[in-house]
Structure formats: structure tokens, C-alpha cells
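A lone chain, given as C-alpha cells: the form predicted on its own.
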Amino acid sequence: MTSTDLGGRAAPPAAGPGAGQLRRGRGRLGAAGGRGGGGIVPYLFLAPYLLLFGLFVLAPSVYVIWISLHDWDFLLPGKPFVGLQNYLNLFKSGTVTSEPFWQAMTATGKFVLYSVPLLVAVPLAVAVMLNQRFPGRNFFRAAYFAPYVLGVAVVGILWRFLLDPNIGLVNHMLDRIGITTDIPWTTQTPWVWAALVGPTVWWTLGFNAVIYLAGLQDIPRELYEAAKVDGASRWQQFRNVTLPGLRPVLVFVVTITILASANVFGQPYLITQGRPGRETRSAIMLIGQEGLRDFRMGNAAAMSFLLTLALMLISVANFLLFRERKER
């Protein structure tokens, strides 16, 4: 029975013989899985990821560094240790690998410079438009995202025929509307860059637009209503409400877009085939040719490590540039 005090309130029941054991059990559970405790349970949940990360990311990365320190031809039994010579050859003028590597890095840098601003700005404009209420909104969302599900081989071969200078549909349509038909999309500069950047933007903008759209839907509507009450125009709402609300999303989009553009391979391989000359041969194309066609895996590993290091530095700089600064 529960006793009642003078105020009519029920007094708490007396602690029975099992109450102490219950408290000690709760204490042990809190120590094992609580916020301040340790325990093995969190590591069990992380174990599958850590296993896959170690097998498919960490171990290959260490192995690549080991290969880069050797004159590595996987068809020959001997793989002599050369130390940092493969890296030094990339910075020494006149070597077999120096000029092609930096030319490929320049081509990769141009592609990043030309494609990333478009892949950041155009999807943002599309996402802002698709965030409005209008008939057929879901259809247009699906239509913009649809090209992204295509593989790079499909996109490359499709645009290779569309942009062919002789039989391409693009030049044919330009001829029908009275514009010259002699545009060398895949053989001469600067047209080759348009032939690479244009299809890439068409192909991948849907992914970035979906990421932006998710970020836009997380911005409270009350902020826009307050801005309207203060007399802010649409541009002022976009600049003072939308962009600050999208800061974390913008950092993510810019970072993954830079990384994806720097690792471009399929578009130049299929559309321009690195032409004219080696103007559009990307770093990944060169690494593949160096290691898999010419069997110089040590050089290819050194090139890939330098490319990875450059992308890591760019990613860190990007996070530092877009980080939210606390007001003092």
C-alpha cells in the first residue's frame, strides 16, 4: 500500500530489496552505452564500415605509395626499388613523364575551371525554380534528374555522334536555322572544351539540383515571410536568406563537384579522345595509359598520389573558405 501525507499526495513507495540491484544495473547500462561511457557496442556498429574502408580504401592507398617507390612493371618479376625517383622525374624537365603529366594536369585544371562554376550555379537556379509551386513540378524534377542515371559510356557515345563535325546532329540543326555547319566540336580548340563541359553540365546538374532542393526545403518559411514584411525584394531574399541557409549544402556541392571534375575520364576519352593533340587528355587518362598501356606502374602511382594530394589540399582550402565564421 502507498501511504498518503497530510497534503493528500501519495508518498513514494519504500525501496524494496531489489531496488539497489535495479539502480546498479541501470548504472552499468549507462556506463556501457551512455554518452560519457565507453563500451564495445559503438565499435561493433562501426566494424562493417571500418572493414570495408580498410580493405578497399586504406590498403590500396598504402599499396599505391609502395608501388610509386619502385620501377614497377607487373609483367616482369624484378621490381627494383628507386625511392623518390618517380616523383623527382615529374618535377624534372626533360624526363619522359614530366611534360605529359603537367600538360594533363593543365587540361584537368581547365576542365575544373570551366565546369565547376556552371555545375554550382545552374543547378542552384534550377533548384530554386523547382522549389516553387506550379503544375507539373514533379515531372520537371524527374526530367532534370533523369540524365544523371545514364552511364558515362552512354553519355559519351551519344554526344560523340551529336557533336561530330561531319555527321553530327548539332551541326545539322545549326545549318537548318542558318548558322555555319563547320564548327569542329571535337577536333579544335576552344570548341573541344564546349564539347566536354556542355554534356557534363547536362548530364550531372540533376544531382546537384536535388542536393540544393533538399537544402532549400530545410530553410524555415518564416524567414522569407519576415523578409517580405521588411520589404525585401526577391534578390535580397535570395542573398540574405537563401544563400546563408544553404552554406553547408554549398560547401558539400562545391567540394564534390571539384573532386568529380578533377577525376574526369569518360568524357574526354569518348568525346574528344584527348584531341586536338593532347589538349584535352586528362590526368586520369594519362595515369591509365602510363600504367595499363605502357606498364609503368611506378610512374602512374606517383602521378595518382600527386593528384590525390592536390585534391586534398583543394578540399581543405574549400572548407576553410566557406566555413561559418563566428562573430566576436
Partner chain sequence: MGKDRNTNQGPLNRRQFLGLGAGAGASMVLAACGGGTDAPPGAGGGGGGGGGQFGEGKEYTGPNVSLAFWNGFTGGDGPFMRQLVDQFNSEHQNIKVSMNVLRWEDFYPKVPTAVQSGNGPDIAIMHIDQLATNAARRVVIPVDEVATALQLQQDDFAPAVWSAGVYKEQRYGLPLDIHPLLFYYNQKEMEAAGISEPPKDRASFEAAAKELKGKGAQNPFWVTSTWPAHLMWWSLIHQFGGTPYNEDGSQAQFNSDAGVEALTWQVNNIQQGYSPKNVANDAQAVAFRQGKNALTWDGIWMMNEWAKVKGLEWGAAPLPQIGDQPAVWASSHNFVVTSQAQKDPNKLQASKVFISWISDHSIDWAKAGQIAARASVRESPEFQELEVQNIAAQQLDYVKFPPAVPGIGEVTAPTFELAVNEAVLGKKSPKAALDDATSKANELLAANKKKYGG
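Residue numbers count along the first chain shown, from 1. Bear in mind that the values here come from a model prediction, so they are computed numbers and not experimental data.
Although not depicted, the form predicted in complex with its partner chain is the subject of the following passage.
> Which one, T257, T242, T108, T186, lies within 4.5 Å of its partner chain in the predicted complex by heavy atoms?
Replying inline: Contact with its partner chain in the predicted complex is made by T186 alone.
> Using a 4.5 Å cut on heavy atoms, which of G94, P220, G231, G136 is close to its partner chain in the predicted complex?
Replying inline: In short, G94.
>> When the contact criterion is heavy atoms within 4.5 Å, does T180 count as touching its partner chain in the predicted complex?
In response: Contact check for T180: no, nothing within 4.5 Å of its partner chain in the predicted complex.
> Wondering, does F74 line up within 4.5 Å of its partner chain in the predicted complex on heavy atoms?
Replying inline: Within the cut-off, so yes.
> Closest heavy atom of V120 to its partner chain in the predicted complex, within 4.5 Å or not?
Replying inline: Looking in the predicted complex, residue contacts with its partner chain do not include V120, since no heavy atom lies within 4.5 Å.
>> Is Q132 near its partner chain? Define near as a heavy atom within 4.5 Å, in the predicted complex.
In response: No, Q132 stays farther than 4.5 Å from its partner chain in the predicted complex.
>> Using a 4.5 Å heavy atom cut-off, which of 208-216, 221-229, 120-128, 186-194 contacts its partner chain in the predicted complex?
In response: One stretch meets the cut-off, namely 186-194.
>> Residues G198, F238 and F305 are flagged as a possible site; in the predicted complex, is every one of them within 4.5 Å of its partner chain by some non-hydrogen atom?
In response: Checking in the predicted complex: none of G198, F238 and F305 is within 4.5 Å of its partner chain.
> Does any residue in 285-302 get within 4.5 Å of its partner chain in the predicted complex, counting heavy atoms only, and if so which ones?
Replying inline: Counting only heavy atoms within 4.5 Å of its partner chain in the predicted complex, the contacting residues of 285-302 are G288, L292, R293, D294, F295, R296.
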